[in-house]
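We begin with a single chain expressed as C-alpha cells, specifically the form predicted alone.
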Amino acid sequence: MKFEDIILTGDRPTGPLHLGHYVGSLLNRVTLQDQYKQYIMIADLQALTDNADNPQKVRDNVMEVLLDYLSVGIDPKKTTIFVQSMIPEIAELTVLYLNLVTVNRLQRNPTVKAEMQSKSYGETVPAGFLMYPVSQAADITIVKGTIIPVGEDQLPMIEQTNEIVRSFNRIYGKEVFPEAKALVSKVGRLAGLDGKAKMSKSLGNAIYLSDDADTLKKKVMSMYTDPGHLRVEDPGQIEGNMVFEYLDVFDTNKEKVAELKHQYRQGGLGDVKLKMYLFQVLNDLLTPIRLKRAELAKNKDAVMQILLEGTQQVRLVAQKTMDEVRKAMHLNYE
C-alpha cells in the first residue's frame, strides 16, 4: 500500500447510485483500495446545497449510498468511509478557505457554471451552492488527499483546490497541504437512457444498482435506439444508439458486440431482440450486487456502524490537520 498517496472520493446522497457511478468511479475505488490509503466521503452537506428544503431525503439516502458502496466490493477493512457532516473540521477549513478565493473566480468555474445552468440558477443561486468548490477543497485537504478519482467534468474542481492550496501555503509560509492530482476514469460520462444527457437521478434517465430485474427490463426496453429503424429488415444506425453504447461499456464479449453491430447495420436485427440481449448483460452484472445489497440491508444498524467507525477515524486525522492549520495561521492560542 502506497501511504505516500492518499485517495479521496465520494458522492452526494441524493439518491441511490446508478450505472454511471459504477463505471465512472466505483470500479476504480474497488481497485484502488488495494493500492493506496483510500477515503470515501458521503457528501451530505454538499447535497444540501440544492436540497436544503428536504434534509430527510439526504439523510435517508446516506444509507442507500452506503449500501451501494459495500455491495459493489468496497471493503471497510481497506477503505475508510465517512460522512461529511460529522467532521466539523471540514466546515471550519471551508470558512478559512473562503478568504482565499473570490466570488468572481467561483462564478467562472466551468463546472459550477454548467451545474447552475442545468438547475436554472441565476441571481437566485444559493451561496452554499456557489461556494461548494471551496467545500470540496476542504474535503480533499482535510485528509491531505493527493489523488482524486474524477470525471473530466470535475477537473476544474481539482484545479480550484490546487489554487487554494498554493495560496494557503504561500500566504502562511508553510507547506501544510500537498497539491492533488486528478485520476480520470477510463470510461467517459455514461449517457442516460434517453440519449440526451448524462445518466442522472434528477433527469430520471438512470439505471440504479438497486433496481430489481423487472425494473431493469422496463428501463432497457425504453432505451433510445435508432428512430429510423422501423422494421427488423431495415438497416440501423449504431451511432447515438444507446443500446450499443451500453454494450460497448458493459459487455465483455467484444466479438459478440461487433457481430451485433454488423447485423444491425445490414438489417435483420430488431430492437426488441437487441434490448433483450442488453438486459441479460446488465442483469448478469447487477444480480450479485443486488443480492449482496439485500443481504446487507437486513442489518442496517451494522452497516451504519461501519460509517460511524470510519467517521471517527477521520475525526482524528482532521483534528491533526487543523492543528497544523491553526499553527500556520497563528490561531493556536493555547
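Since the structure is predicted, the reported quantities are computational estimates derived from the model, not experimental observations. So that there is no doubt, residue numbering starts at 1 and follows the sequence shown.
Beyond what is shown, the protein has a form predicted together with tryptophan; the following relates to that form.
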Proximity of A43 to tryptophan in the predicted complex, heavy atoms at 4.5 Å: yes
Exercise: T9 in contact with tryptophan in the predicted complex, heavy atom 4.5 Å: yes
Non-hydrogen atom contact Q154 with tryptophan in the predicted complex at 4.5 angstroms: yes
Contact test in the predicted complex: S71 vs tryptophan, heavy atoms, 4.5 Å: no
Option touching tryptophan, based on a heavy atom within 4.5 Å in the predicted complex, out of I148, I81, L260, M199: I148
Contact residue in the predicted complex, chosen from S210, N205, Q160, Q136 - any heavy atom within 4.5 Å of tryptophan: Q136
Heavy atom contact within 4.5 Å of tryptophan in the predicted complex, the stretch among 221 to 229, 163 to 171, 140 to 148, 245 to 253: 140 to 148
